[in-house]
Ligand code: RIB
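In the block that follows, a single chain appears as structure tokens, in the form predicted on its own.
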């Protein structure tokens, strides 16, 4: 079983990914750390606690950074995820509270206590990871890997012509994380736009898992409406899910090795680039995925033994 910490800003697609991670027998989610992005960090923390309780999961949820390292905060994506981050579908209030330690210390403590065993899965802005690197640089040699959803390499961004949202929300943090000497696998828009969850997917999810699946089905309606208006197709891209699917079904993916960097100012701020002069080509850019098998695996994981 693979031990993971998920750094997250829930977020509808975060909810897709977290519910999969909680349900998958190959993954042990040892903690969630929260970050601003799709919503503010307080709402992200509340949403993470609610998702844990929805999935009968009792793990630490640690509140993370409030704002980026250097730039002024960008607006939250309410037009994509709704005012509450879940497409305005409400879950019951959580009975549990956030961990006493913040996200930075939680990441550091768990990684150093379990050398070589923890994979960090980052599906929001990378501020918490950058702060952890600054406070305890030795974690680069203690993690098993860092798996990220973010960036866009050979296609336009989704918030500017150059930038994807997670990187754009804190480009300086992204640069710190992507140029550090630890193994990184990054899933950018190049691959996440190859996957579409349509209404048939969510109908199957809801009928096969009346509790968790029904919530995801209902929350997805807001997300699907956004994609219908912006991209003119009747479905949504479950961006964050790819980082989790990579951990359980790596054979579904193809990647290339490259050194990476991020542009941190000017008109192209937030752009992720290949940067051979960085000299640390221990990074993988995921380029392709078997869409059919990924969707089937997602449905099987969420509906297995759930009725």
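This is a predicted model, so every value here is computed, not measured. Positions refer to the first chain, counted from 1.
The protein also exists as the form predicted in complex with the named molecule; that form is not presented, and the subsequent description refers to it.
So the named molecule isn't shown here. In the model of the complex, which residue out of 216, 165, 184, 152 has a non-hydrogen atom within 4.5 Å of it? Flagged contact: 165.
Heavy atoms within 4.5 Å of the named molecule in the model of the complex: which stretch among 95 to 103, 133 to 141, 109 to 117, 232 to 240? Among the candidates, contact is made by 232 to 240.
Closest heavy atom of residue 220 to the named molecule in the model of the complex, within 4.5 Å or not? Residue 220 lies outside the contact set for the named molecule.
Residue contact check: residue 272 to the named molecule in the model of the complex, 4.5 Å heavy atom: Heavy-atom contact with the named molecule at 4.5 Å: absent for residue 272.
Is residue 158 part of the interface with the named molecule in the model of the complex - any heavy atom within 4.5 Å? Residue 158: contacts the named molecule in the model of the complex.
Partner proximity in the model of the complex: residue 38 to the named molecule, non-hydrogen atom cutoff 4.5 Å: The answer is yes: residue 38 has a heavy atom within 4.5 Å of the named molecule.
Scan 1 to 33 and note down the residues that get a heavy atom within 4.5 Å of the named molecule in the model of the complex; none is a fine answer too. Heavy-atom contacts within 4.5 Å come from 9, 13, 14.
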